[in-house]
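First, one chain by itself: the form predicted alone, in structure tokens.
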């Protein structure tokens, strides 16, 4: 019986293709130990924390009494916790808008034209890799009553604007906003720079030849093609803004008079300072649900807009 041409080499060729395709196949049983460890340390622990939100556990006693929704009712009735929720949302939304607008403007300015763009990119991105606590303590000195900001205002004749910025209930939350934007606008810049690098220059040049203005080219070509970078940057900045903690603790400690409290600082204080682990777990559950819901909703809207482009 005749053998089809090339059939004798079929198996060696298949083995060679498998070798070229990447790493050798590993049995799934080898993954189980790591998978079980992740489930126990992350998801089971998170579920247990969610259960404690419905108890009055103090973190010491062996038993926790189930109290239903009492913790959540107290959160809604407590001005400090309710104010922390409002501050968290306001801070996150304003931070997302400002950081992404500034990051986009920096990316457009440093994309192709300037000769020193590599150095400027590094300078603007440098705060991102710095410790949040170190950055916050530097800005705390800047915002202090005898700090550089008030000295500058005095030097230019605006001494009536001087104030203890982090100690003023009206401005304390906005000092945190300034620090967040200063530190993380560079991260948005890098994301938009990567998106701009993927846009063919020929599209912009062709539109310019056809007589389209710079603004029109940006609105009809650049901005739509930046949609994937916009989705990633906005989602990440929203998640970070909702969970901000280091900057609040270092700059204002949540004060004055709870004016700059966020959910993260309330969780810390109620759990570790006051020993109310059940109440702190309830706040944590609210923060987790808030981050998840807002991030998924925003991601769904942005992905939908990407598909329509």
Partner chain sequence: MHRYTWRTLIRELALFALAALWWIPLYFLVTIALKPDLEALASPLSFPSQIELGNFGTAWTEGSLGRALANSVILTVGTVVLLVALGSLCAYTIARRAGAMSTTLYLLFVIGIILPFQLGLVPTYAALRELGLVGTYLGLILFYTGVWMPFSVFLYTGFARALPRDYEEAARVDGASQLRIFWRVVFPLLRPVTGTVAIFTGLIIWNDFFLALIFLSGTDNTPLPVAVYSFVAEFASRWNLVFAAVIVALLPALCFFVVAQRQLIRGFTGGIKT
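Residue numbers count along the first chain shown, from 1. Only the largest set of C-alpha atoms that superpose within 1.5 Å between the two forms is called the rigid core. These numbers come from a predicted model, not from an experiment.
Beyond what is shown, the protein has a form predicted in complex with the partner chain; the following relates to that form.
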Options 168-176, 135-143, 79-87, 155-163; stretch whose heavy atom lies within 4.5 Å of the partner chain in the predicted complex: 135-143
Mark residue 65 yes when one of its heavy atoms lies within 4.5 Å of a heavy atom of the partner chain in the predicted complex, and no otherwise. no
Does residue 204 reach the partner chain in the predicted complex if we count a contact as any heavy atom within 4.5 Å? yes
Proximity of residue 96 to the partner chain in the predicted complex, heavy atoms at 4.5 Å: no
The partner chain contact at residue 249 in the predicted complex, heavy atom, 4.5 Å: yes
Restricting to 37-58, the residues within 4.5 Å of the partner chain in the predicted complex through any heavy atom are 37, 38, 39, 41, 42, 43, 45, 46, 48, 49, 50, 52, 57
For residue 39, is the C-alpha shift between this form and the one not shown 2 Å or more after core superposition? no
